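Below, in structure tokens: the form predicted on its own, a single chain.
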């Protein structure tokens, strides 16, 4: 349970920002989106109907739960399935709030400062709570999925992950809509805590409907020698995405790696970025993004490294391809150095597909479309050498599935 003081503080702040637009991204009329139940009762993911199973498989979720340490599924605003096969603790956030005192974890890393975070605070409709006990290392991926199954649904989730001292966890999470759902709103509040010597690898694949708005709000806190690896993939049309997670490398020798792959299609408006605050001595961060703007899509790729302590190191790499003259790609790399003895760098580049590459591939027998597709796949490929072998294979499988649609 939350303390009375904490509960009142959250409500008071949320009421203040109930109608305040976010500083970036399209403003949305929240009244157009309602809270819907799921009406789904299952004992396993294989009990889902064919349409749901197909959508889960498209984002890399194994419905047979093979080579997974657990699964969580939320449809609309209800947790319809939560099963774990290891020492990891996982449950819907509503149960965790009843079972534990979460004052130090709930709404601590994410500020309520716009209408979307305010709605999630005032109208919480589920999310997951995951805790890795001290010293438990689970390298077999755990899978989570948040799915919108009804038109004009508002999904307001709050997720908390705690990796205790010396623990390790790998998560593959997918967010999607049913095939017949074209519009909706997803608000996801995520707060991740990585304690001393802990490690969290978090891989997200998004496959939303063409008129779905997505507003994640994320904060990550890393203690001494902690490691956070984040992979984000979106290659299908979406109405709009606006996300700017903040990672706090607070402990000495803490490390964050954030890798983003974006393929803007149709009329998608995507505003993505990451901010890493390097406060621990010898802490380090890498922000790497690959973006492609096609059709009439608009992509803003942001990145900010803040050096607040000596002997820190950070690199920001932002590369983009623009395919269509009707599309737009805007890169915003930023460095904020507050000490003299630090090492921060950035590299940004936006261009087109090289004509000589096209000619070479077509001379080898490929059609122009096949050559363009191959070049795009190569451009979007990011080295996954920092991941455990079994997780790297899982991520590569997801990438193959998503990029095959290009």
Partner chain sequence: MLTIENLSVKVEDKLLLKNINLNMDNGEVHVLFGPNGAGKSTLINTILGNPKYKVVGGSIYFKGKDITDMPIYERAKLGIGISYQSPPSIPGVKLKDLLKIISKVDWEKIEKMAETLHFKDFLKRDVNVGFSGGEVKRSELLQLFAQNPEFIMFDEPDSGVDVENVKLIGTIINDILLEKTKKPADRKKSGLIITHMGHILKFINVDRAHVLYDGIISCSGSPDEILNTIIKYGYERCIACYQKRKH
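Positions refer to the first chain, counted from 1. Quick caveat, the model's predicted, so the values are computed rather than measured.
Omitted from view is the form predicted together with its partner chain, to which the following refers.
Stretch 363-371 is the contacting one of 54-62, 25-33, 363-371, 344-352, since its residues have non-hydrogen atoms within 4.5 Å of its partner chain in the predicted complex.
The partner is absent here; in the predicted complex, the one residue of 66, 49, 356, 43 having a heavy atom within 4.5 Å of its partner chain is 356.
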